[in-house]
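Shown next as structure tokens: one chain only, the form predicted on its own.
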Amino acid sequence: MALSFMRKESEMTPEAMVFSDNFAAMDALAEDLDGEIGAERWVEVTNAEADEVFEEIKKEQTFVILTLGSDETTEVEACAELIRKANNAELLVLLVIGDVSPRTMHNVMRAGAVEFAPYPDPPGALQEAINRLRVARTQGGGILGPAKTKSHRSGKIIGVYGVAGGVGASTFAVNLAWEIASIVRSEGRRVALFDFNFQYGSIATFLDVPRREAVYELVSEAGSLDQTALLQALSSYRDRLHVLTAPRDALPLDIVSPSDVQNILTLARDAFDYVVIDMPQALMGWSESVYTAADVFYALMETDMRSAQNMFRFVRSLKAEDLPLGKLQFVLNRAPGLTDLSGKTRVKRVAESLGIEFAHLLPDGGKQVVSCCDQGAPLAEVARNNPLRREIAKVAQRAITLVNTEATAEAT
């Protein structure tokens, strides 16, 4: 448990001073702080003691943790005032936030907070934030400037689009994002999966992650969005993949404008190394923004006539807008097996009639694919040896190589 601030007899300088007035999750937070910092290395104090505490804190050895778990005006104003006082005392500040709106987060961060951690989700965010503060303290202490805390990763955008319903685009997007995250995990790279089907997106179901209320506010106020609000709206799957789910309620697809989407993608590039975007089948005004921003764009279809006709229309739409086709990767899902000669002939005829070349042929994964989607887990977690999973793993590796090669070419 935390030390009392009035225990003057303690000779050990605390590493963190924690302000937790009215924070509902304080008991759980205390356990996590005990494990991360040490039960005898952090002190819980009240807001009323702030002035006295800030005068005595040794800024070279101690940082401040502020908590905010409500959009209540009085609590937000009190938190903002504490941030200003801590900044005046030249102290490192970590803001731990509960279920608050992106607007509240924006207002509080403008008061001077420069490091934050959503709590309790996603798991690991608190530990990462504390470690960043420790690094900053060893590099000279003082207040963290925006340039030090903002991540600028120059992330790669990977679009996934199904030309017809039921061709498996969302399943492909989920497993592609998971395979990329698994490949680059050892390199410390961050991967996100965004569900841009704001009406009936199924990413949350396929990964069994909660649909956050903050997602609605994110998409409805995307024009004024900042990186803090974006990260607050994300869920986490297995501490490895960050997920922007579709909102809880079905929303019109035009709730965001092209400029809104551009803002979201810019922030996503700064926060993540790879961002996989699952697109809706309907083409919207902002669809061009995603396609233009994408480093690689996968268009999925099957060999049926419906898919072929829609792919033909999609390609014609891109050409009509003078959009480059070089980034477009055609993917055939549920492709025929090696011994299905008639099926392979049909695939060849489809490609020739459309004037395209398939970059990837995905085999039929069978009932295991449906089972994994129902269980809310990627194929690699439940059916690792499934032929579809093995092929998507190859696609993921090629995607990483492709976008990195293009980035190197542009730099030179």
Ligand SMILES: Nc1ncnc2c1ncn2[C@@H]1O[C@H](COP(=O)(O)OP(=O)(O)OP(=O)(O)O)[C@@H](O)[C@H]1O
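Remember, it's a predicted structure, so these values are computed and weren't measured experimentally. One rule holds for the numbers: they count along the sequence shown, beginning at 1.
One more form of this protein, predicted in complex with the ligand, exists but is not displayed; see below.
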Heavy atoms within 4.5 Å of the ligand in the predicted complex: which stretch in 22 to 30, 368 to 376, 42 to 50, 341 to 349 meets that? 368 to 376
Considering the ligand in the predicted complex, which of Val167, Val100, Leu218, Val209 comes within 4.5 Å of it through any heavy atom? Val167
Does the 4.5 Å heavy atom contact test between Arg269 and the ligand in the predicted complex come out positive? no
Is there a non-hydrogen atom of Asp34 within 4.5 angstroms of a non-hydrogen atom of the ligand in the predicted complex? no
Taking any heavy atom pair closer than or equal to 4.5 Å as contact, tell me whether Asp364 reaches the ligand in the predicted complex. yes
Hey, in the predicted complex, is Ala16 touching the ligand, heavy atoms inside 4.5 Å? no
Mind listing which residues of 311 to 346 have a heavy atom within 4.5 Å of the ligand in the predicted complex? Asn333, Arg334
